[in-house]
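Next up: a single chain in structure tokens, the form predicted alone.
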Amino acid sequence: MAKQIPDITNDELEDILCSIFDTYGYDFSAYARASMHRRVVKYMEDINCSTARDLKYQIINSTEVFNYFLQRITVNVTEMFRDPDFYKAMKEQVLPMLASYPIIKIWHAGCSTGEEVFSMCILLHEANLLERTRIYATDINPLNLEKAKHAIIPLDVMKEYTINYFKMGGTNDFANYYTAKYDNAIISLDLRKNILFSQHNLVTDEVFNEFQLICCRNVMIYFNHQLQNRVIKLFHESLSSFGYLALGVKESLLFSEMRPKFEVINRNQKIFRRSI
């Protein structure tokens, strides 16, 4: 017998998302619906769940099931020095300006399992700025944060990360930044000592500090227009005067009501600076 492919109507999806909010406090109502629908159906396939009623029952009655659901439907695609030209722009156009601050505060919003945070730490280290930098790395997903805190990365991807590093313009021995142990690489503790990992929900949580740089790359593409505006406003309020905002290559401020409050620093790499 052919395996039954699950499906879920828009009304059923809304009902599940409302139940999640009522039970766990996670608000997915402003996430782009087409993307959310695809991910929920894929999750149902993975756990052999054929009906929306069964999915809702499992999620609402089991914290363990919900945590796995959260892990699967939140986007966790990340790598070290992803988009090398972005890090090159950071190195050349942003870090020299941050060097004027006695204490540098950076927020990585939607940090996933930490690879981009570790990449920034390497940039800061090579610019002799890491010692006076405090990095706040946040994500909605607690399992992502646990992985990020341990800084354990499969060794077989480090070759690709090394290539990204050299494409960015790195010149040091990349292997000095981690310790190989069995099939894993552990990012150096010296690089990680100024990182604070914490749970933060961009949908519902508010400003918690003032930053000279906020990085939120490839997160807002999964939000609807209203939520994108809310998050950009949150970032604007969280930035110091002339603080920098870095978005993903497919993200933009062009259609945001907050656009007049930022100036473009690098159009291709989506780096902006607060102007008002």
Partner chain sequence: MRVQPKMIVIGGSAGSVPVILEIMKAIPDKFPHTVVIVIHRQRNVSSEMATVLSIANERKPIVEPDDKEPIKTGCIYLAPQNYHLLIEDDHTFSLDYSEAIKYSRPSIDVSFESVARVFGENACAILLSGANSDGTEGLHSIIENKGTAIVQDPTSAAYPAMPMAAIAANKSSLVFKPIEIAKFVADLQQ
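Residue numbers count along the first chain shown, from 1. For clarity, every value in this text was computed on a predicted model and none was experimentally measured.
The form predicted together with the partner chain exists for this protein as well; it is not shown, and the discussion that follows is about that form.
### Message
Please pick out the stretch from 33 to 41, 52 to 60, 204 to 212, 230 to 238 that is in contact with the partner chain in the model of the complex, where contact means heavy atoms within 4.5 Å.
### Response
Every other range fails; the passing one is 33 to 41.
#### Entry: Listed residue that, although the partner chain is not shown, lies within 4.5 Å of it in the model of the complex (heavy atoms), from Lys149, His200, Lys167, Arg134
After the contact test, the surviving option is Lys167.
### Query
Looking at Asp183, Asp190, Glu160, Asp173, which has any heavy atom no more than 4.5 Å from the partner chain in the model of the complex?
Selected option: Glu160.
### Query
Quick one: does Ser252 come within 4.5 Å of the partner chain in the model of the complex, counting heavy atoms only?
Output for Ser252 is yes: heavy atoms within 4.5 Å of the partner chain.
### Message
Against the partner chain in the model of the complex, would His125 count as a contact residue? Criterion: heavy atoms within 4.5 Å.
### Response
So His125 does not count as contacting the partner chain.
### Query
So in the model of the complex, does Pro142 come within 4.5 Å of the partner chain, heavy atom to heavy atom?
So Pro142 does not count as contacting the partner chain.
### Query
Does Lys270 reach the partner chain in the model of the complex if we count a contact as any heavy atom within 4.5 Å?
So Lys270 counts as contacting the partner chain.
### Message
Do any residues of 181 to 220 have a non-hydrogen atom within 4.5 angstroms of the partner chain in the model of the complex? If so, which ones, in sequence order?
### Response
In sequence order, Asn218, Met220 come within 4.5 Å of the partner.
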